[in-house]
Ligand code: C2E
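Before any questions on how it binds or moves, here is one chain, the form predicted alone, in structure tokens.
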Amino acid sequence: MSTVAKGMRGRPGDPATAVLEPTAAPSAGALPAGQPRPSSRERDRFVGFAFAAADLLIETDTRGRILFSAGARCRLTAGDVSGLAGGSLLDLVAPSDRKYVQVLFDRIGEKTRIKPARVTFQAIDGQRFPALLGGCRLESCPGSLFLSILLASGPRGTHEAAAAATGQLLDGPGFTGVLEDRILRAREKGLEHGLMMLLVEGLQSMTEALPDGAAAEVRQGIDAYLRGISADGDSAGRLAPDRFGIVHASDIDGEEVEKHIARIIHDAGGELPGGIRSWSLDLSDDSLDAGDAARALVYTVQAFASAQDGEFTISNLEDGAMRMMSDAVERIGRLRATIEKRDFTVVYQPIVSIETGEVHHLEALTRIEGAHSPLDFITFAEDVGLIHDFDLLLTQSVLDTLRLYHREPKLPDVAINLSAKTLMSPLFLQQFQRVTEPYGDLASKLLIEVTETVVVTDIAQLNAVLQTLRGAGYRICLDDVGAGATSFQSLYGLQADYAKIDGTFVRGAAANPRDMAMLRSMVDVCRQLGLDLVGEQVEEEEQAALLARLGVPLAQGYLFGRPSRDFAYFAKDWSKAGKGGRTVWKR
């Protein structure tokens, strides 16, 4: 580089402090006695390295007042960046990030140097843009901070974009997404990162009791501090009102964090009714496969976030977290073995016409030896990100069975359960086609039953996937309508062919007026939406008769047949017989 900065330690506001002139070296204070002064080549090399690593170099005092600036304009000023001298760096930062940047300044003072962290700046035209802000201080230049600004790409995902826009922490799903990414990056690049889970007991009740201004001071102070100590400045999340997760550099100490949070609360006039406790884990520990370690950590964080009062307290946080982590690792190992060895059984249960008793189609259900229940198995597989592999394997297993009996004259259609989480995977459609393509027309015998054991946050995206599948000839069934927080939203947002009414309402409607009202409402809504209905868990004649009166055409339950491994029975020899004035399915 042919030019170097002149007068880096000049008086604030003096134009000479921000002029680039050839061959002049940036001052770093007086050299120790006897130390030779650097040559012009050495000075140029130093400045060249600095500009290679950043778009803008800034020297400030500890309060953020700019003493010197050089480099690219970075949209921060209409003129030369030298004109920034005398102003405040905080004025260039988006208001939502100013407390956070002040935390970064404090950390430079405490730690001597910080790695680049993501900060949102405010351009001269009012537009905001992301950049990486790093910095250090020199013992030879007391009172100065030396900062580098490197233009960055936008936030990595939707959750991070939303958090960056407000200066707040990531939410729970956003943090778990970042956590999985960070542990894989830590392993790949050898980064010494840790995961900290932080419990601040009684935080919500305390802030609710504070005046609005003091409460905001606590919330904003905690958010800014945790962002400031997180890796890249965007790796901290609020998991629950009193629980936080932070991916951080190895120099972060839990006791230091606890004291800082306590000071934020004290300075705002708050008094915490509980206590503060943290637990940390080294993400670079390679005793586990990186993918499985990430899954176990995400599962542990989710359990920590959703635990009810009493499950985690100040006294048992570390033991509880370690116990969950150990349990998750063991269960992931068993789950992987089940998938790799195909160590599960597929059983089939008929869905029949209530009017005729004839089988309409079968539902493929899984049974896993050693699992407490199929639902527990599926839920855990969703939580640790392995449900996608299992669902595709189930699809292949059912198609193998259909191919085995494909010459039978009454080969039934079969519904396979696919998790909404699987369907939302960016790779799903491509991988599903790869699995089904070798089976040709047999794949058209499949119905896809959408299970919502996880909350669907993007109904429109899920619907787009389902319409692609319908366009390819697959019929779609929505499972357990009436159960879960999103089921009625799903009815309106997802275009499907069938809907299954949750068995709770079917069983309770005969004796409970509220269940009857809900059942009638669901039947009416589904009929208006053009959905064919299936009543679940029908075990008694009275329940089947009720569904018939309501106009529900199909039913499933022990009254018509228990789940069976004997697929050949349904493919070769089903029959029907009259009973009680109504035709029913008989085994």
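What you see is a predicted model, and the numbers here were worked out from it, not measured in a lab. Residue positions are given as counts along the sequence shown, with the first one as 1.
One more form of this protein, predicted together with the ligand, exists but is not displayed; see below.
Of the heavy atoms in R475, none are within 4.5 Å of the ligand in the predicted bound form. The ligand in the predicted bound form comes within 4.5 Å of no heavy atom belonging to G109.
A residue is said to contact a partner when one of its heavy atoms sits within 4.5 Å of a partner heavy atom; F46 fails this definition for the ligand in the predicted bound form, lying far away. Interface membership of E541, defined by any non-hydrogen atom within 4.5 Å of the ligand in the predicted bound form, is ruled out. For the marked spot (Q349, D391 and R507), a heavy atom within 4.5 Å of the ligand in the predicted bound form is present in each of the three residues. Per the 4.5 Å heavy atom criterion, the ligand in the predicted bound form is contacted by stretch 367-375, the sole one of 367-375, 177-185, 489-497, 237-245. Only one of I387, L198, L446, L170 comes within 4.5 Å of the ligand in the predicted bound form through a heavy atom, and that residue is I387. Among D383, D223, E363, E217, the residue placing a heavy atom within 4.5 Å of the ligand in the predicted bound form is E363. Contacts of stretch 536-565 with the ligand in the predicted bound form, defined by any heavy atom lying within 4.5 Å, are made by E536, Q537, V538, E539, G557, Y558, P563, listed in sequence order. The distance between the CA atoms of H372 and L362 is at least 3 Å shorter in the predicted bound form than in the form shown here.
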